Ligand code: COA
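Just the one chain here, the form predicted on its own, laid out as structure tokens.
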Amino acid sequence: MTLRAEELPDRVVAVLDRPEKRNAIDQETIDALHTLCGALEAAPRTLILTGSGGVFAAGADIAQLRDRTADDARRGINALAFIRIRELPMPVIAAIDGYALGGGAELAYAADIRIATPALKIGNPETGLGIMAAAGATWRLPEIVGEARASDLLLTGRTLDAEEALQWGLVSSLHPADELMDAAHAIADRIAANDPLATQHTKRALRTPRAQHPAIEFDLQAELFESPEKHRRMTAFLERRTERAQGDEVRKKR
């Protein structure tokens, strides 16, 4: 088993688990990711992606890549799995320790939120192996860090350390290795406290091409405005505010 999944009521923790290969992404891993996506499409929950053994994923499996043909390239084996990860209804959090290279970096780019440890090493060395980063890096990375920095990283094949990745905005925060998963769960807790449908609609709007804005927001917001959960949450907010105001008045009179 190359992917271990722990299912919780409001989230799934998926661990890349090929420690002997530094969690290199092989066909079995891709198949497992598709199975996981099927479950999360049917029953949306937040996904936390991480790796075992102090490594996120050191890349795609080179032994398998070496034998792939032009037909394999056109099938988009890794790219289609990562697109599916990207398009999951609920947020995806990548908790990255150690190496995230090549296909491992592209899997991380597919997440909505990326956090890491100070041991992070992330980049796309594909051109040094005679191929290109073709599982999302050439279009996702410019969206994350801008075209100039994406060109720097992809055309040189160099690797960023944790501080550079944080400075570039490639990850949003750094945590000691023994606190990484706690930090990921804290983010998932904040997400879980919000309305799931509002979260899903926000993610959908974030992923919608610019040309479709602001119309997409109008349609999604219209659905939320009619939802019972919106009325329940706003009523609770107003009641809490009234209670606080009444409490303040009582304290002033003392």
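One-based numbering along the sequence shown. Just so we're clear, the structure is a prediction, and the values are computed from it rather than from any experiment.
The same protein has a further form, the form predicted in complex with ligand COA, not shown here; the description that follows concerns it.
Report the residue, out of 60, 33, 48, 40, that has at least one non-hydrogen atom within 4.5 angstroms of ligand COA in the model of the complex.
It is 60 that has a heavy atom within 4.5 Å of the partner.
Could you tell me if residue 109 has a non-hydrogen atom within 4.5 Å of ligand COA in the model of the complex?
Taking the distances in the model of the complex, the answer for residue 109 is no, it never comes within 4.5 Å of ligand COA.
Taking ligand COA as it sits in the model of the complex, is residue 91 near enough to touch it, meaning that at least one heavy atom pair lies within 4.5 angstroms?
Looking in the model of the complex, residue contacts with ligand COA do not include residue 91, since no heavy atom lies within 4.5 Å.
Is it the case that residue 16, even though its partner is missing from this view, gets within 4.5 Å of ligand COA in the model of the complex, heavy atoms only?
Contact check for residue 16: no, nothing within 4.5 Å of ligand COA in the model of the complex.
Classify residue 155 as contacting or not contacting ligand COA in the model of the complex by the rule of any non-hydrogen atom within 4.5 angstroms, answering yes or no.
So residue 155 does not count as contacting ligand COA.
Looking at heavy atoms inside 4.5 Å, which stretch does ligand COA contact in the model of the complex, given the options 5 to 13, 239 to 247, 226 to 234, 19 to 27?
Of the stretches listed, the one contacting the partner is 19 to 27.
Can you name the residues of 91 to 118 that have a non-hydrogen atom within 4.5 angstroms of ligand COA in the model of the complex?
Residues within 4.5 Å: 99, 101, 102.
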